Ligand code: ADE
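The chain below stands alone and is given in structure tokens; this is the form predicted on its own.
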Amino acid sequence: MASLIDPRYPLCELHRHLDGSVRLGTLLDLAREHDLALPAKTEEDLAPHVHIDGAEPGLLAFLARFHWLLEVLVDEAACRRVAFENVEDAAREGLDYVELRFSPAFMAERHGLDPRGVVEACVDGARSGQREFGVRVGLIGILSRTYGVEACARELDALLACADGLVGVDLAGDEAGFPAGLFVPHFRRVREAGLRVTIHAGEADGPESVWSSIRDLGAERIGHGFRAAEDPALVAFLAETGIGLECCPTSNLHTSTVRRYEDHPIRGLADAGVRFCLNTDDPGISAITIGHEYDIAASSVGLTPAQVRQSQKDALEMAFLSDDDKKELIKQKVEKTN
């Protein structure tokens, strides 16, 4: 089957967690280097402990896989390596632009690292990867709402200290337990710093979470957001304003927020004119590539080839890039394919 990815147009991914994309080989290397105990000693044997294959989906099973990814983030050098390899993997998948998001507090927690040091390491690793592999990279810092309002303020301090290395800030974690309205002061600071805003919403909680993320926090994009389909007024608003959804179909199956590909609301949202793009979310856990989402997940969801091609164009339109940078990416792609 021919790929639905248009090779003549930039391929962009906007929702990929840096800390959810660690190679099995890197896990083994860092474990040996730092004398850490992993549940297996080969990639083949380690894979069932890290990857979700669809046989046992569910949020708890999904989150449990992060244990081993965080276990090896023992110092800033490990964080830098993971960031660098994320960019290399993006290049291997044919991406022209990728936005990698990460929570410095989440990455720092297991081994008591300094969150600011984690940010600096990720910025340095991503910049090195960009120079080495020619993939343009935008970093998005995450506030992990699950840690609470005060902890997120400290996490934001670490991010803003390195604001020149970021393109935006996200809010992720326990969406229902820590609603967007709690974080209004945080995102006022984000916007004042000149950073863009994307918010995880409308995945574990309903449409009101999406409304609040837009109205209270200034979200320009929504991570996941498929539960917007439950509110016709919200669907119409998204279609009218062009506020897009970062769609992650396979990840939604693996967290059991959607039961089957065929049940995913994105097809109806696309039919209603809502802008969206396709993403891997945590490819190191879901064991997928961006190509899988375009060529397998999208058709399983029921998206038409035209909708998939439009999502590729919308990914660039939704990217946290200037208009000039977007035009340059298109120009570079045309030159490569001619």
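It should be emphasised that the depicted structure is a prediction, and the values quoted were computed from it without experimental measurement. Each residue number is its position in the shown sequence, starting from 1.
Another form, the form predicted in complex with the named molecule, is not on view; read the next lines as being about it.
With respect to the named molecule in the predicted bound form, the three residues 62, 203 and 282 uniformly fall within 4.5 angstroms at the level of their nearest heavy atom. Residue-level contacts in the predicted bound form: of 207, 138, 265, 173, one residue has a heavy atom within 4.5 Å of the named molecule, and it is 173. Of the heavy atoms in residue 251, some are within 4.5 Å of the named molecule in the predicted bound form. Contact annotation: residue 66 falls within 4.5 Å of the named molecule in the predicted bound form, judged by heavy atom distances. The closest non-hydrogen atom of residue 224 lies within 4.5 Å of the named molecule in the predicted bound form.
Listed stretches are 307-315, 294-302, 274-282, 42-50; the contact stretch with the named molecule in the predicted bound form is 274-282, by a heavy atom cutoff of 4.5 Å. With contact defined as any non-hydrogen atom lying within 4.5 angstroms of the named molecule in the predicted bound form, 17 is the only contacting residue in 15-30.
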